[in-house]
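Listed next as C-alpha cells is one chain, alone, in the form predicted alone.
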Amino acid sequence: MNDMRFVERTVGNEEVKIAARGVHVYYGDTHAIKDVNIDIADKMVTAFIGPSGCGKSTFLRCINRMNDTIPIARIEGDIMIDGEDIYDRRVDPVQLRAKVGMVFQKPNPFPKSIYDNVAYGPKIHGLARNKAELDEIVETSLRRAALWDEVKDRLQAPGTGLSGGQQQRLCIARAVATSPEVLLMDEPCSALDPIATDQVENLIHELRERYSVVIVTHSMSQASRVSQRTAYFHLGEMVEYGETGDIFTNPRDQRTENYITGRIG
C-alpha cells in the first residue's frame, strides 16, 4: 500500500472518515473493481447504487476486509480510515471489524437469545468488565436499534423468533454493540416488507448522528430518501459520486442518467 498523506481530510465541509485511492479488486482473473477513488464523509449516509453485479457490494466489503475471507480475491490500492491504512499488515481484521460494523442483506441473527446476540461482540472483544456493564451495552445497543421497547421483557427468547424487520434491527444492534465508527449495510431492506423497511430507514437517519453509514441499495428511491451522498457503480467502475440530490436530478455522466431513467438496470 502506498503513502496516502496527500488525501484530503475534508469532503465538502465534512471531515473525511474513509478514503480510497486506486482500489482494484480481482476474483481470480475477473477484474471486479477498477480504480475506485472516493472520500466518504463522517456522520453521513453514503449510498452505493448501480445494476446487479456492478461491484458496489464488492467495494463495500473492502472497507472491513470481508474479501479477505475469499481465497481467490486480491485487492490493490489504498483504503484509509481516519488516515490509517486498513490493509497494513499490523492491522488485525477482527479488530477492524469491531470498528467497522456490517449488516447484511438477509437478517442473520445467531441461534442464541436476543441478549446473547447483542452481547456476543462485546464479550469477545472484552468491552465489558462485568455483567452490569454488559447489561448496559445490550440495552444501549437495542435502544440505538429502536428495538428495546419491543424485546426488553423477553431478552432470553431466541433472536430467530423475531419478525424479519425485528431480526434486522437485532443485527443492527449487534453491529453497534462493539462501538463501531463506521456501519456498512449491504441491501439491508431487500428481504423486508414495506413497514419494516420504513422502520429501518428511519433508524438509518438516527444512526448517522453517531456513525458514518455506507449503504448498498438496489432501490434508487431508498438511496434518495436515506443518503446525503451517492456513488453510481457500473461494470466495476465508480462512474459518478456527489450530493444525492445532484446525482438524481443533474447527473454529469450519461451512464448515470441512463440508469436513473431506467434505460439500463
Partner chain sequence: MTIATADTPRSTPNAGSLMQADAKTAKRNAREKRFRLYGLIAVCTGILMLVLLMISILTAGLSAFRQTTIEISVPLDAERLDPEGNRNPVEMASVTTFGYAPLLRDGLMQTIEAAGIETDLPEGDIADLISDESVAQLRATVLANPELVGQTVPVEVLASGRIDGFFKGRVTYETAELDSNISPEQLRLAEALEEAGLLRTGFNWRFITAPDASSTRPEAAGLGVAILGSFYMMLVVLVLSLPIGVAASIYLEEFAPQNRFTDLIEVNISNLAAVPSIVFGILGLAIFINFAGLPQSAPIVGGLVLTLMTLPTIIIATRAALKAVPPSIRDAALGIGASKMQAVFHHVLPLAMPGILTGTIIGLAQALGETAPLLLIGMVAFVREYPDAPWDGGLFDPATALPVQVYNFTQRSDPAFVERASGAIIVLLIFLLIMNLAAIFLRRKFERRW
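Values in this document were obtained by computation on a predicted structure and should not be read as measured data. Positions refer to the first chain, counted from 1.
Below, we turn to the form predicted in complex with its partner chain, even though it does not appear here.
- Using a 4.5 Å heavy atom cutoff, none of Arg21, Lys43 and Met80 lies near its partner chain in the model of the complex.
- Screening Ser52, Thr30, Ser221, Thr69 for any heavy atom within 4.5 Å of its partner chain in the model of the complex leaves a single hit, Thr69.
- Taking Arg154, Lys112, Arg74, Arg143 one by one, only a single residue has any non-hydrogen atom within 4.5 Å of its partner chain in the model of the complex, and it is Lys112.
- Not displayed here, its partner chain is approached by Ile124 to within 4.5 Å at the level of heavy atoms in the model of the complex.
- Contact annotation: Thr178 falls within 4.5 Å of its partner chain in the model of the complex, judged by heavy atom distances.
- Remark: Trp148 does not count among the residues lining its partner chain in the model of the complex, judged by a heavy atom distance of 4.5 Å or less.
- Heavy atoms of Val100 reach within 4.5 Å of its partner chain in the model of the complex, making it an interface residue.
- Heavy atoms within 4.5 Å of its partner chain in the model of the complex map, among the stretches 61-69, 32-40, 207-215, 230-238, onto 61-69 alone.
- Of all the residues from 151-186, those having a non-hydrogen atom no more than 4.5 Å from its partner chain in the model of the complex are Pro158, Thr160, Arg174, Ala175, Thr178.
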